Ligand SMILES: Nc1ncnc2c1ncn2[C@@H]1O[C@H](COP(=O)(O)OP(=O)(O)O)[C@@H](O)[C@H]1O
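Only one chain comes next, encoded as structure tokens, the form predicted alone.
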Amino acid sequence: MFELDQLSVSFGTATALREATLTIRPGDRLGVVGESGSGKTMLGLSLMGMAPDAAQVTGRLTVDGQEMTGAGEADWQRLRARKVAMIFQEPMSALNPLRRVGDTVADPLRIHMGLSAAEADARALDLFREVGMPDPEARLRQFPHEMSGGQRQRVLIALALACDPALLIADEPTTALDANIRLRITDLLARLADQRGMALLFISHDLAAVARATTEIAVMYGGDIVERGATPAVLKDPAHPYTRGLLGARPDPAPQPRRNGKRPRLPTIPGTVPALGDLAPGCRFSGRCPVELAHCATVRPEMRDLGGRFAACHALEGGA
């Protein structure tokens, strides 16, 4: 079990992750959504013990009761791959272009699991089959540039699964893929999490993928978790103004009637995400929020229980 208690990651006066409190249990499938710069990837890196060297990390992070806040690299290396693994955004950047992908997947099996070279190669082949790699025997001998984007993404999934981690973090795993492959990878991750009893942290801009892959969702903005709850409930009836804005900005696949000969403009959230050092000390969404109150910019709202769902918004408190 992974527990975050008031975990913050700061760079001087700029806070990339602010007092995140979260529990991830075996079998959980948690989606994390928000605009670029909202803190999603920093949350994932923190769970891997990979916050940048210049970061100041405060609060608590425990893994199966073991305190990991401030733990050294050697302590994290003992947990990575076996307890927590990550699928990074861009396969071509994450894979070594000079090594065959089969060797890349076999490496952690030899290092962390103590398998012989032959045993590691056999297990790598089994993993390629498990993730649905076409012609897995031939793919083991290929280099990354010889594979399609979907195949490279399956290599990264196999690599992350190699040592049977308790938590798999998928950071934008479908960004560079076409629509058909995105659906396959999304469904594959959800199925593997269920089959293995593994927790899945699915970080994505793609709300449709999050809806398919997860059972719970956390919405982030400016380093804060502003809403969380069951995925269907949050997506059907969002409570926080930012969540409503995200859902409202989704393109509608149905043809829209023209007005005065023009298609209607896609709804947007006004403004842009401020730089970390320019975020309001109160509600981070202040300045862009359509229901902002006088004290929103200076007083941070508390996370409120809305009957099994949670949201942090002063407007939900009746302006109190």
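As the structure is a computational prediction, the values presented were derived from the model and not from experiment. The numbering used is simple: start at 1 and walk along the sequence shown.
Heads up, the form predicted together with the named molecule isn't pictured, but that's what we're talking about next.
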Heavy atoms within 4.5 Å of the named molecule in the predicted complex: which stretch in 62 to 70, 37 to 45, 23 to 31, 262 to 270 meets that?
37 to 45
I'd like to check something about Leu276: if you look in the predicted complex, is any of its heavy atoms closer than or equal to 4.5 Å to a heavy atom of the named molecule?
yes
Is Pro281 close enough to the named molecule in the predicted complex to count, meaning some heavy atom within 4.5 Å?
no
All of Phe11, Ala16 and Pro52 within 4.5 Å of the named molecule in the predicted complex, heavy atom check:
yes
